[in-house]
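The form predicted alone is given below as one chain in structure tokens.
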């Protein structure tokens, strides 16, 4: 028996012990508290977040409340725990701490303790519309999914996501999928470089889907976790349980799908899981660092299916978006004052990705706070001199290749191939030219990054583009645009 299973069984034992202490008087007090919560927050909040809860135990100092899933427990803890505590204190007449615990049967047990014996709603055929056994199975299934699901960061919501030209399509698509009861785009495929907001959008999707409908079974995990669980199922000869768990969810979200490249057995299982979910009209959401057609080491049939729905890319941030992100971040940092010229300086100089940009602001504000100094431009330059120096020449050949391929609408794989068609050869020369201009890599290194080409090929490309940009104004415009995007 693995450690996780032992912990779960230990918790279930504790829950069972607490549950047995519930009595009708305690449940009556619970109903009074919930009624006051319903009056204050309304029927929608009550039906979604309070009705599924149940009281487990109480003493002079604390009240233990059960929630059917870990997600619901976290949401109530974040949004309603203070008012729950206030109403319990008013009901009992003395201060009390309300604690939440995951217990799929809390609401049913509370109803039993109160002596609720109302018959199940009958369908037209006279059959119960939802038996207790079905409810228990559904809740157990949700709890199993919650145990497998990666933690969802409450900071990553749609409200905290700063929208700009580089990410507006991905943001709009994510909001549409999150707000839709049906399945419009299947799959939704989000891709972009490191630190550009893919993970933020994935977390925001999970939060929004669950908050709109807590009964939807949402599973969010990395491709690495998917592979680990599959290998574990193979090891313990329990692949049927694996298939049932992954194919019974309402929404499957897989982050960094490029991780399963060249892993044949995992790709085979992912392929069949994907098909099963799509065939049953279940939502699939995928993220990666490049478009489906450019995922090397991924089977063609999988790449084809990943491009079935909506593919939305997240480009490198521009100056305006970086400035907006810094302003939004600053609003969340209560008590920190940063002059506009510092934010503008950071937005111009830290161009690699959003994570590094936010980290730079954190470093500056923390240094100023610890040293008792204001956040000035001179302090910023001093604290971030290593980061600024690194960003001055931090454009990589990989970034240049992706940007050029996207700009000229060619496949990245073609850019690196031996194809000589003009539609591919010219963008390849542009990418080589920019690699020479914007990076410190040697000519042989650049050649190797372009499918193992000789350095003389790079020299020819650089000379040819230099000649053409003098004659072709549109090509010169293209190069200036790409240089601005890559250089910030």
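Owing to the predicted nature of the structure, the values given are computational and were not obtained by experimental measurement. Positions refer to the first chain, counted from 1.
There is another form of this protein, the form predicted together with a small molecule, and it is not shown here; the text below is about that form.
Although the partner is absent here, residue 214 lies well away from the small molecule in the model of the complex, with no heavy atom inside 4.5 Å. Proximity of residue 309 to the small molecule in the model of the complex: non-hydrogen atoms within 4.5 Å are absent; the residue sits far from the partner.
Interface membership of residue 167, defined by any non-hydrogen atom within 4.5 Å of the small molecule in the model of the complex, is confirmed. Mapping the unseen interface onto this chain, residue 329 counts among the residues with a heavy atom inside 4.5 Å of the small molecule in the model of the complex. Screening 229-237, 400-408, 76-84, 347-355 for residues having heavy atoms within 4.5 Å of the small molecule in the model of the complex returns a single hit, 347-355. The listed set 315, 210, 200, 305 contains one residue whose heavy atoms approach the small molecule in the model of the complex to within 4.5 Å, identified as 200. Shown without its partner, this chain lists 259, 242, 161, 185 as candidates; in the model of the complex, only 161 has a non-hydrogen atom within 4.5 angstroms of the small molecule.
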